[in-house]
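This document starts with one chain, in the form predicted alone, laid out as structure tokens.
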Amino acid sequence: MEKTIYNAVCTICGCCCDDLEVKVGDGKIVEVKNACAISLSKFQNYNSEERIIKPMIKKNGEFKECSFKEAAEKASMILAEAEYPLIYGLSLTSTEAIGKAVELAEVLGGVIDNTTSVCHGPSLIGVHDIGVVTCTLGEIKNRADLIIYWASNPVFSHPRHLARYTIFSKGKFRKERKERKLIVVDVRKTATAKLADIFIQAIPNQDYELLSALRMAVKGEEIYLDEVAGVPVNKIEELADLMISCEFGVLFFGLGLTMSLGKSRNIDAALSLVRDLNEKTKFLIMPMRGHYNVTGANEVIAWQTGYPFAVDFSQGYPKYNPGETTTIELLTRGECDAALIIGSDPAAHFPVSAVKHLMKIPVITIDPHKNATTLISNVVIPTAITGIEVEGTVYRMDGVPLECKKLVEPPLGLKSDEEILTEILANVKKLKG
């Protein structure tokens, strides 16, 4: 018997599109409507041959299948015996699971970090410095007449962002493409730039200079140069005029801004530019978050500790010092002596120096699929997939919480991340006394 589940939430990128129509038959997903190509690939392949369905413990260099209870007990023992364990990942799981992970990190006296430390960490540090003027994606859809994507290529990274929220969306007050202007600032002509009304090509690693020049132009100050970051000053002044004269503008920025030279200083300049613009018109700014619940990871960890990522409990209280308490730095310095990885693959993406230390210490991985990190792990605990096989709350890139639905049953015996972490937490509390 087939049934259709409406308004399912996509668990791919920070857009968290909540209008999917999923047809289920014989306990399997048979059709998905309104999904982008990336989302469709996930729904079609979530149960591929790369799926892990049995917990495993490595013995004498080889994985042996075991019961969930044995895997949870082994993981708990490793973490309880560690002096300075690390918990990392958490951007591809539910907010409920993230809450349990924070409690576990505090009991262990370890460090909890999420993937923000390798993507939009500079964005959050910039917000600490300057503050942020922002809104929901719904307000942008209904009102924005000027949209800027800076160092971001949503046509590839967030395929439905333009159609749902910006230039191709049909809002309450902006209904047609011709009522909105699109500007793209990037170091190369991307697929998104080809759709733009104005494309501004900047020299790589000179975003701070360009943003600072724009601030000067917005304030009406003279720029005593012919060009800045490869952009003629007259073009910078035209852009400033467009930004001042719009009714409702928004600047979306991506990793090209956070991870190029300048990092958090780039974000300081962008946030300051938007602050300056609000003396003349309505203007907002928003990071293009990647993983579907990386915003949730920041929200939950901040609720419980006061800080959004890279929180160290080793002193008995939350300590936050990005660059010292962030995962890559901890691993590169060889300081942590065990790691719990939840829904992430650092072995495939971290610098060699960090991965080398990860390979020296006991690693526990909670993940539904095989990856480079599961291969170097001592304990692998498979999990049911949030938004497909279990429910859970996630946070869209604009901070709006959404409830993911359970669409199909998980493979027999698989539990949610929250259930797994709850059991490990209970075991660790017993072991720690």
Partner chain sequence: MSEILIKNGFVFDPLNNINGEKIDIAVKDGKIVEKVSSKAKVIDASDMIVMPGGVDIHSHIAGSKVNAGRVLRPEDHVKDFEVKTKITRSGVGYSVPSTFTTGYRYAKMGYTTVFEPATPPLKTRHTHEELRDIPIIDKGCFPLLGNNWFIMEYLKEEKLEECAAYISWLLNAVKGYAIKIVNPGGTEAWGWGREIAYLDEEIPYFNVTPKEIVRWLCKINNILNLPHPIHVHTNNLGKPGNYVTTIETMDAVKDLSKDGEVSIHVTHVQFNGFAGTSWLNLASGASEIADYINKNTHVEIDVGQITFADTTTMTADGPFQYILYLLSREKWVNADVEAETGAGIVPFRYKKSNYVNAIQWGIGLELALLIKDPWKIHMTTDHPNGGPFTHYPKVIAWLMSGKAREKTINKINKNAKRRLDLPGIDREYTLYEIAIITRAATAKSLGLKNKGHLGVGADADIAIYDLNYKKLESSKDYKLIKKAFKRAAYTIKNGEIVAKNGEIVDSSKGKIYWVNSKVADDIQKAMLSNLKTKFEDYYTIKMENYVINESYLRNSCMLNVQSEV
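The structure presented is a predicted model; accordingly, all values stated were derived computationally and were not measured. Positions refer to the first chain, counted from 1.
The same protein also has a form predicted in complex with its partner chain, omitted here; what follows describes it.
Asks: Of these, E106, E73, D345, E209, which has a heavy atom no more than 4.5 Å from its partner chain in the predicted complex?
Replies: After the contact test, the surviving option is E106.
Asks: Counting non-hydrogen atoms within 4.5 angstroms of its partner chain in the predicted complex, say which of E324, E247, E179, D241 makes the cut.
Replies: In short, E247.
Asks: Any of the heavy atoms of D129 lying within 4.5 Å of its partner chain in the predicted complex?
Replies: Answer yes; at least one heavy atom of D129 falls within 4.5 Å of its partner chain in the predicted complex.
Asks: Even though its partner chain is not shown here, does K406 get within 4.5 Å of it in the predicted complex, heavy atoms only?
Replies: Heavy-atom contact with its partner chain at 4.5 Å: absent for K406.
Asks: Would D398 count as a contact of its partner chain in the predicted complex, using a 4.5 angstroms cut-off between non-hydrogen atoms?
Replies: D398 belongs to the contact set for its partner chain.
Asks: Heavy atoms within 4.5 Å of its partner chain in the predicted complex: does S353 have any?
Replies: Judged by the heavy-atom cut-off of 4.5 Å, S353 is well away from its partner chain in the predicted complex.
Asks: Of these, 75-83, 151-159, 92-100, 357-365, which stretch puts a heavy atom within 4.5 angstroms of its partner chain in the predicted complex?
Replies: Of the options, only 92-100 has residues within 4.5 Å of the partner.
Asks: Hey, with its partner chain in the predicted complex, do M259, D268 and G387 all fall inside the 4.5 Å heavy atom range?
Replies: Not one of the three qualifies.
Asks: Which of the residues spanning 132-146 lie within 4.5 Å of its partner chain in the predicted complex, based on heavy atoms?
Replies: Sequence-ordered list: V132, V133, T134, C135, T136, L137, G138, E139, K141, N142, R143.
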